[in-house]
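Next up is one chain by itself, shown in structure tokens, the form predicted on its own.
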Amino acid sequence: MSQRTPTSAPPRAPWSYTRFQQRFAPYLFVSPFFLLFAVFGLFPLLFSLFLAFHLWSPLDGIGNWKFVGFENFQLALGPTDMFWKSLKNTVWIGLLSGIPQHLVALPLAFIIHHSLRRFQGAFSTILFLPYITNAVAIAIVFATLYSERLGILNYLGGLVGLDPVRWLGDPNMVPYSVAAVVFWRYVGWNTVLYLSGLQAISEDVYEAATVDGANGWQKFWYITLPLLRPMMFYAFTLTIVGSMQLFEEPFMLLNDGGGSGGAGLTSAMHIFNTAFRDLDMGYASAMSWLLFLAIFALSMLNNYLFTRDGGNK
């Protein structure tokens, strides 16, 4: 029998910069994103979940926390805690500002798209300006408008014989005053969203409806609304998430206390006060996760309402 000689392994290719570019450079280029996400996204998320089950103040230092189980959650869900009141305020202000946004933005986008198309770019720019305006500047302007003695609203009301209104001092008026600011800031944003959705609808559909004798209202109800459903779902979801996280507008107008009687205290403001004023990070983290569950539940409800008839988002 002939003896077989073992075959030698193929020689390894020498290191080259071109080979390094092909194999490792893509991972090197995307690594900053994952590094930043891990430091500023993933770690705070996991750390807040850890703190939700502990009693800890930053003044105690890292490692000096005490495990308390679900006590933070039980405290937040207790009948005497401010979390329920702040959540109620948040939902109420969200309804007052969110529903009118879409009731105005959708018809306005339809009118601009079909009747004012020549000026669509100018209208989009004007409507988008409040969204990109600094929140501090917005608060200063509206605080001046809402001033009880010097505000233009009370001045105009006085011209027709109305008594001055404490827009930011009356607990019954505070939610409406904050909601008006939120509405003014985001109605243009939603209009631009709907305009982009309308541009994706083929004009052939409207032309065919015109040939069949459909009027403007029938086109809006039977063509625009069904075909705009995916964009409506997206816009409604953004409104729900943004309303439940409302912080800037009431904080700038009413300070951290939420105005008279805490009528403008939102959940985000209450969490902020607990974390950075009272330095109770564990309790604030627990409320943050409860707020997340509330946003998730409302988002799922929104998803169900848009898909219950078998429609596709």
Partner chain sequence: MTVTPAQHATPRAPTRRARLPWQRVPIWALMLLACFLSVVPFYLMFVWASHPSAEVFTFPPHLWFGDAFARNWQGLMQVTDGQAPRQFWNSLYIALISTLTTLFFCSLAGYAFAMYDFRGKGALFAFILGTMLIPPLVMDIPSFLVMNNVLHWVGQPRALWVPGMANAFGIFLMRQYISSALPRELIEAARMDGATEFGIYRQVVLPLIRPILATLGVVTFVGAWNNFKGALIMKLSEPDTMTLPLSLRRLGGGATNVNVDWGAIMMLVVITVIPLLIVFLLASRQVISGLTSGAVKD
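Positions refer to the first chain, counted from 1. All of these numbers come straight from a predicted model, not from anything done at the bench.
The protein also exists as the form predicted in complex with its partner chain; that form is not presented, and the subsequent description refers to it.
- Contact annotation: of the candidates 221, 176, 84, 119, the single residue with a non-hydrogen atom within 4.5 angstroms of its partner chain in the predicted bound form is 119.
- Looking at residue 113, you'd find a heavy atom of it within 4.5 angstroms of its partner chain in the predicted bound form.
- Among heavy atoms of residue 142, some come within 4.5 Å of its partner chain in the predicted bound form.
- Mapping the unseen interface onto this chain, residue 230 counts among the residues with a heavy atom inside 4.5 Å of its partner chain in the predicted bound form.
- In the predicted bound form, residue 253 approaches its partner chain with a heavy atom inside 4.5 Å.
- For the marked spot (26, 32 and 133), a heavy atom within 4.5 Å of its partner chain in the predicted bound form is present in each of the three residues.
- Contacts of stretch 294-308 with its partner chain in the predicted bound form, defined by any heavy atom lying within 4.5 Å, are made by 295 alone.
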